[in-house]
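Quick heads-up: it's one chain on its own, the form predicted on its own, in structure tokens.
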């Protein structure tokens, strides 16, 4: 049995960021991951957008950690030569009826302390993006895009510089609490004993919590998998900004994103699923066509399947907003177990601020 001080389960962008932060201050930090490399699921299957935090309720963890993480992520990218671009974002009102919602979104963003928000009229929208269809827009200057693969690569290397270990092909099969430690068994017959255990399991975070002993249903911690698909096009070029519709109740809507090469993609949509399946069909193509054509014109034949991802949400199909769950679980009888659940969007943006939140919990 190998003894470690801090054991982090999961090497997505959150687990890697937590590993980097804790290894700066604590010895013997180990990150374990069941896949053969980092970020094989949600962390590498998303829009790669750096969010602002305008959508989230005031005083929520998502609002605070998104705004803190936004600034931290730009600084980290700048200091470590990670490709990124502060593009700015235009949230569009495509009819007069949507204008009050646009102003309400601006007000919510200002209450979340996001600076620089401005309502722009149709001519200003056209000036920024000539192809855009909007009667008004909300310009959000701090939104942007980042190369998530290179970000995770850098987080891993920085953690390893601090003498942390990242170990792959380590699927957890059981966790047992002793008086002061956690005994974690893996499918390859390895056994670790950890003083501090941190659940960054992403899609599998509920499984990890259950193994520890937490009754997830009774504690309102059931995880719902929500699949988001993307379509792309080569017919729309020279877009400089992210373009978003007004948000729906479970997502930010099918938006136009660009990557660092300037290529255009649309998505994600949001559909709850019961299995981990990254296959795509054209089932939702007409939905994409209808949604996209509200703010930019494109022919249906020019929409092509791109990719998809799955998010681990605490918010179920008929639920209202659910916040990140980041908590040390002494109240449930599991001291030194730090449980991160439902880290969906804006988890990428907030990865460094979430890591600082975990650091504060570990130190307290």
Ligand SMILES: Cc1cc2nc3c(=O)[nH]c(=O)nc-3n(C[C@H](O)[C@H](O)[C@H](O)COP(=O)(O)OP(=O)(O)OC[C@H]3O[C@@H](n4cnc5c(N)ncnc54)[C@H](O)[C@@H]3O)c2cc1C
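These figures come from a predicted structure and were not determined experimentally. Positions refer to the first chain, counted from 1.
There is another form of this protein, the form predicted in complex with the ligand, and it is not shown here; the text below is about that form.
- Interface residue remark: residue 35 is counted as part of the site for the ligand in the predicted bound form, having a heavy atom within 4.5 Å.
- For residue 180, no non-hydrogen atom is located within 4.5 Å of the ligand in the predicted bound form, even though that partner is not displayed.
- In the predicted bound form, no heavy atom of residue 138 sits within 4.5 Å of the ligand.
- With a 4.5 Å cutoff on heavy atoms, residue 345 counts as touching the ligand in the predicted bound form.
- Using a 4.5 Å cut-off to the ligand in the predicted bound form, each of 15, 43 and 201 places a heavy atom inside that distance.
- Judged by heavy atoms within 4.5 Å of the ligand in the predicted bound form, the contact stretch among the candidates 129-137, 223-231, 97-105, 156-164 is 223-231.
- Think of it this way: in the predicted bound form, the ligand has a heavy atom of just one of 142, 239, 172, 194 within 4.5 Å, and the residue is 172.
- Among the residues 208, 117, 258, 125, the one placing a heavy atom within 4.5 Å of the ligand in the predicted bound form is 208.
- Residues of 259-276 placing a heavy atom within 4.5 Å of the ligand in the predicted bound form: 268 alone.
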